[in-house]
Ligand code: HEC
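Quick heads-up: it's one chain on its own, the form predicted on its own, in structure tokens.
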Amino acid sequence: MNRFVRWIDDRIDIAGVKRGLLDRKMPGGLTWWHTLGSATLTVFLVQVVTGIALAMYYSPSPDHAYDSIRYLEKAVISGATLRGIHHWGASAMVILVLAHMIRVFSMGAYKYPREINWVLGVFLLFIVLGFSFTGYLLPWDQKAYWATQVGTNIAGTTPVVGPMLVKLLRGGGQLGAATLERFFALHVLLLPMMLVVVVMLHLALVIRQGIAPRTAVLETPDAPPRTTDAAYPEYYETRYAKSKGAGVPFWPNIIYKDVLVGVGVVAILVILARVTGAGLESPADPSDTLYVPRPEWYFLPLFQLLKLVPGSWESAVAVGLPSAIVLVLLLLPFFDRKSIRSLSHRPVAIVSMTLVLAGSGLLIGSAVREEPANVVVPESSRPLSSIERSGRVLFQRQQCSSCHFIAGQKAIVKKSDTPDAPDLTSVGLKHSTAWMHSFIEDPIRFHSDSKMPAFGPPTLTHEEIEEITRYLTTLRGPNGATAKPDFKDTFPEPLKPKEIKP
């Protein structure tokens, strides 16, 4: 065994790797906030492992994507937990990358000699957001479909290249099989390769340059005023070497913090996955125009802001604002060349960060408070049949929701103004198909004082009424998957012409 170890060491220099990675000295005074980078790397590894496992069961086609997710959650051992970890890991990646960048910004660690590492961090942030955008289409449920519809429509507002960009994202004019396959390829092939390259470069520079020391180390009376001054590199090297001289080795003094934080983050992801899961709405239905799309929380600030600006400003905000943010972040280390790093001595940085964070928080809070209730379709979460989908379209086209309510969906007319228009949220449990069909054709037959107009021929054909009826039978309320129907239907004799009230 010793001969084998020596043979390996002669070729890859294990001792040298150990000296370079584990025995290297770190600046003194590092805090728990310095573990955010390693926590992000931990979550990334979790996403890789869980993503590979999920891909083994996933089928990237509109006909099978939703069913493959349902099979994973219902039939695969710990499948729901696995998907929950991946789901919450996506949010954790966004949170940790943002928190890591805020720490670097607050400490002025984007300045000399770490400008390139900051730029790589910006790329890392937007690659992670790209993962999130492509990932939530894959379940092919209502939220996935309609949120992606909105997202790609926003991309379409880009001047000049907007229509081309929409076709590039969707793989055509409409969301469909080509879109799902394209997003799947981006999510599991292109974006992971890009992220691995950026992470490897980022880590290589961290090892090469070391972790940024505390701001007090680099802020002394004899510090050159700007990082572009000829004397600053020598000053920096001297102060950094002094900080490392008073520091500790990476192993075991620093790495144990990284391990503890990494284990804690993974434990939180597992708990969230077990307690709340990932969530899955009804299957995607392009004909459901009542559905109100909502993106994930990290896209809510832009989503809510677009609702507050005039329509003529939509393109400027949807495209211009994110572009401006990207440009400012990328150029930040190149136009902020002052040697001052402490946040308390950088008033412009304090105001800018406060406005961005507070504004984003307020917009997210506003969006959450305004969260609408979407129409509940069959609680069994099975896809609607073609007849049922046609019925829902007719239900909307005939403006039935102007009087009736479905799962809290706000009607055009207040419910108090239409006492004879019942809530249809669970109508599928209260009346049979035959009864509803007959009632829609001739309401006065069942209630002589009904204000509902008759929709029988020639207003609607018998086939169209049957389609509406089939859709109504799918409305079974919040406990529809387990509730049993309770029909007490009666069928009065049709009224003779003279009995019908004028």
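Between two forms, the rigid core is the largest collection of C-alphas that superpose within 1.5 Å. This one's a predicted model, so the numbers in the text were calculated from it and none came from an experiment. Counting begins at 1, following the sequence as shown.
A second form of this protein, the form predicted in complex with the named molecule, is not displayed here; the remarks below concern that form.
The candidate site formed by L54, I69 and R182 is entirely out of contact with the named molecule in the model of the complex, as no residue has a non-hydrogen atom within 4.5 angstroms of it. The stretch that touches the named molecule in the model of the complex, counting heavy atoms within 4.5 Å, is 421 to 429, out of 252 to 260, 296 to 304, 421 to 429, 320 to 328. Using a 4.5 Å cutoff between non-hydrogen atoms, P453 counts as a contact of the named molecule in the model of the complex. Proximity of V43 to the named molecule in the model of the complex falls outside the 4.5 Å heavy atom cutoff.
Using a 4.5 angstroms threshold between heavy atoms, L269 stays clear of the named molecule in the model of the complex.
At the 4.5 Å threshold, heavy atoms of S402 reach the named molecule in the model of the complex.
Distance criterion of 4.5 Å from any heavy atom to the named molecule in the model of the complex singles out F395 from the list F395, F105, F123, Y236. The contact with the named molecule in the model of the complex, taken as any heavy atom within 4.5 Å, belongs to M436 out of M26, L36, M436, L475. The rigid-core alignment places the CA of S132 less than 2 Å apart between the shown form and the other one. With a cut-off of 2 Å and the rigid core superposed, P443 has a Cα displacement that reaches or exceeds the cut-off between the shown form and the other one. Superposition of the core reveals a Cα shift of 2 Å or more for G456 between the shown form and the other one. In the model of the complex, the Cα-Cα separation between L394 and L175 shrinks by 3 Å or more relative to the displayed conformation. Pairwise change in the model of the complex: K74 and S426 C-alpha atoms lie farther apart than in the shown form, at least 3 Å.
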